[in-house]
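In the form predicted alone, a lone chain appears below as structure tokens.
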Amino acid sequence: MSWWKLLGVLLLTYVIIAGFTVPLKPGIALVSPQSTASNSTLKLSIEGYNTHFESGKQSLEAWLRLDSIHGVQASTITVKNENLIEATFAVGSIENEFADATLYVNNNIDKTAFLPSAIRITKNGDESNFSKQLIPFDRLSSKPGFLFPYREILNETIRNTFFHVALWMAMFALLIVGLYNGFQYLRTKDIIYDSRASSFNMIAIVYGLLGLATGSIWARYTWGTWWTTDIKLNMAAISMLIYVAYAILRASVDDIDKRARLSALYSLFAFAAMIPLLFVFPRMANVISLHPGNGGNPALGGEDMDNTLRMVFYPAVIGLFLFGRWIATIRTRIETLFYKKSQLE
């Protein structure tokens, strides 16, 4: 077995084991209520995820951040169980008509769990003055260890990053290899390049379809629907339909040389069309997108992927590419044997 085949198997094994077994960091799953008026007393129900509120109640504290450095600390905290507490805050005055406060919950076991924009504070007519406190950021820290980040809405589905996103990135790499071999066929007329181009493109198409399927499942659990009218999703579907037409084209032409020439030319068109469909048109639409990567919704940044996720995500991309290359080489050998057989007949 070649070294790169072994590497691909080892990487995918590592991704599957780590991707499904590494736990998420403690987080805040839900708060209620989600809004309050300024200069009022707020009794907040806080539901945690992978938290230890009961075990760490002696060091438990909660804060609502009102601006970059100031906030209000919970005056009382009642622990219901490991994942549920009730905290009371004396919410102070605000300068603007409303403010979105970030919630921090900290103890010695979980360290700091937080929920951005957890509470919307609306300004009322009472201008009584509540004192603000400096938030002790030196006491707030993420739980150490090899743990995946907790992201609201995503929860455990964040593990799909290693499959849905990695499949698409590996697909691009395979398509580039297929494109190169198609160009080489047009230059040399050597049929082996057509076999390689076909094999890499076909495996890439399978990856793309799997990417659409895993993305649809992800959407069902995070957005509540299997598919939306989001431009990013629709452009991805159109791109895959263009490449499915590549497979139909190859199946509809019997002449080997003609099929190879048409396939190479079509793959150039398909790849050139996919770039604006996926990376240009969604940004030109200038709309807020549910899908990360466009429309004010960044992808693969610090808010979406931390270093722990990257330690599994990048091996997933490399492993899927190497596995796809392995299958493509097997398919190339099969196509070459059929070609040689047809030449002997």
Partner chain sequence: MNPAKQILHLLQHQFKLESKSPHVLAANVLYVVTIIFIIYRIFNEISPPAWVAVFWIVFMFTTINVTIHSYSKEQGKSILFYYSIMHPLALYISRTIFNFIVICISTLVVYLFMTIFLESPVTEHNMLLSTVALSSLAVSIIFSFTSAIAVHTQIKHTMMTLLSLPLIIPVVLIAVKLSLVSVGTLIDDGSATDYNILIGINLIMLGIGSFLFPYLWRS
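Small disclaimer: the values here were computed from a predicted structure and weren't measured. Positions refer to the first chain, counted from 1.
Absent from the display: the form predicted in complex with the partner chain. The rest refers to it.
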Quiz item: Would the partner chain in the predicted complex be within 4.5 angstroms of a non-hydrogen atom of every residue among Ile242, Leu249 and Leu265?
Solution: yes
Self-check item: Heavy atom within 4.5 Å of the partner chain in the predicted complex - residue from Ala74, Ala170, Met235, Ala101
Solution: Met235
Self-check item: Contact residue in the predicted complex, from Ile192, Val253, Ile109, Leu140 (heavy atom within 4.5 Å of the partner chain)
Solution: Val253
Exercise. Work out which of the listed stretches, 181-189, 132-140, 83-91, 109-117, brings a heavy atom within 4.5 angstroms of the partner chain in the predicted complex.
Key: 181-189
Quiz prompt | Val317: touches the partner chain in the predicted complex, heavy atom cutoff 4.5 angstroms | solution = no
Quiz item: Do Val280 and the partner chain come within 4.5 Å of each other in the predicted complex, heavy atoms counted?
Solution: yes
Quiz item: Do Lys123 and the partner chain share at least one heavy atom pair within 4.5 Å in the predicted complex?
Solution: no
Self-check item: Phe146, heavy atom within 4.5 angstroms of the partner chain in the predicted complex
Solution: no
Quiz item: From first to last in sequence, which residues of 254-279 have any non-hydrogen atom within 4.5 angstroms of the partner chain in the predicted complex?
Solution: Asp254, Lys258, Arg261, Leu262, Leu265, Tyr266, Leu268, Phe269, Ala270, Ala272, Ala273, Pro276, Leu277
